[in-house]
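Given as structure tokens, the chain that follows is alone and in the form predicted on its own.
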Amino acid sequence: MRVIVSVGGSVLAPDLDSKRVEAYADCVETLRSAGHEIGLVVGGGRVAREYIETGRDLGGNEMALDQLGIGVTRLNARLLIAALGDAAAPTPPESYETAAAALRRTEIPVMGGMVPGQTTDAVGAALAETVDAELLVYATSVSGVYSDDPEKSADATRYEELATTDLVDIIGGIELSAGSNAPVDILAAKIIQRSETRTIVLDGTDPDAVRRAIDAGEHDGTEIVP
């Protein structure tokens, strides 16, 4: 099965712990050995937010701040590339075509951010559409898609399954609230809807949860279906 895994920076490298990065690399290599084609996208996490906040304090405009964040995502991607060794493409692809070419060479592409104004959520969805992935997995710090921001609403409930059209409506509603945390952003949700890519949003703190979701179809997150 061809799978794209989007790993949040706060999940992969919250404290720049090499053992956590190695654990994710081991998970990916296990999946690859089982016959799956894997492409990866890595977020920026806490470190990216700290750079952006510092840049904003220094008077940087939003385009410049986005570039700071993109730089951090690519550094995180390079950490995972280092852990994967020869199994990975040697540098983070900076286009979807380059990532697709790496997959055709049986290498694992590890992407970071692409352009200002676009999060790695959207990069993961766009890469999945580009390579006709059968599954897209978001390994996040939350356990799925909720009816509301679970950090702000005690009544928020987790969906076990959603249609792609419903995902757009729910994410749009959460994002309208300033400062709310949606598990994926609205652009990613719209790309998923357009491409009709089967998607799972789960808590990826333990990389084995990602392995089980892909290899055995078992997970405690939210499955998004066409």
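Sequential numbering from 1, following the sequence displayed. Just so it is clear, the model here is predicted, and its values are computed rather than measured.
Omitted here: the form predicted in complex with uridine 5'-triphosphate. The next part is about that form.
#### Entry: Touches uridine 5'-triphosphate in the predicted bound form: Val115 (any heavy atom, 4.5 Å)
Output for Val115 is yes: heavy atoms within 4.5 Å of uridine 5'-triphosphate.
### Message
Under a 4.5 Å heavy atom criterion, is Pro207 part of the interface with uridine 5'-triphosphate in the predicted bound form?
### Response
No, Pro207 sits far enough from uridine 5'-triphosphate in the predicted bound form that none of its heavy atoms falls within 4.5 Å.
### Query
Any of the heavy atoms of His36 lying within 4.5 Å of uridine 5'-triphosphate in the predicted bound form?
Because no heavy atom of His36 falls inside 4.5 Å of uridine 5'-triphosphate in the predicted bound form, the answer is no.
#### Entry: Partner proximity in the predicted bound form: Ile191 to uridine 5'-triphosphate, non-hydrogen atom cutoff 4.5 Å
Although uridine 5'-triphosphate is absent here, Ile191 would stay clear of it in the predicted bound form, with no heavy atoms inside 4.5 Å.
### Selected contact from Cys27, Leu167, Ala48, Ile200, since only one has a non-hydrogen atom within 4.5 angstroms of uridine 5'-triphosphate in the predicted bound form
Looking at the other structure, the residue within range turns out to be Ala48.
### Task
Go through 155-163, 61-69, 192-200, 27-35 and give me the stretch that gets within 4.5 Å of uridine 5'-triphosphate in the predicted bound form, heavy atoms only.
Partner-contacting stretch among the options: 61-69.
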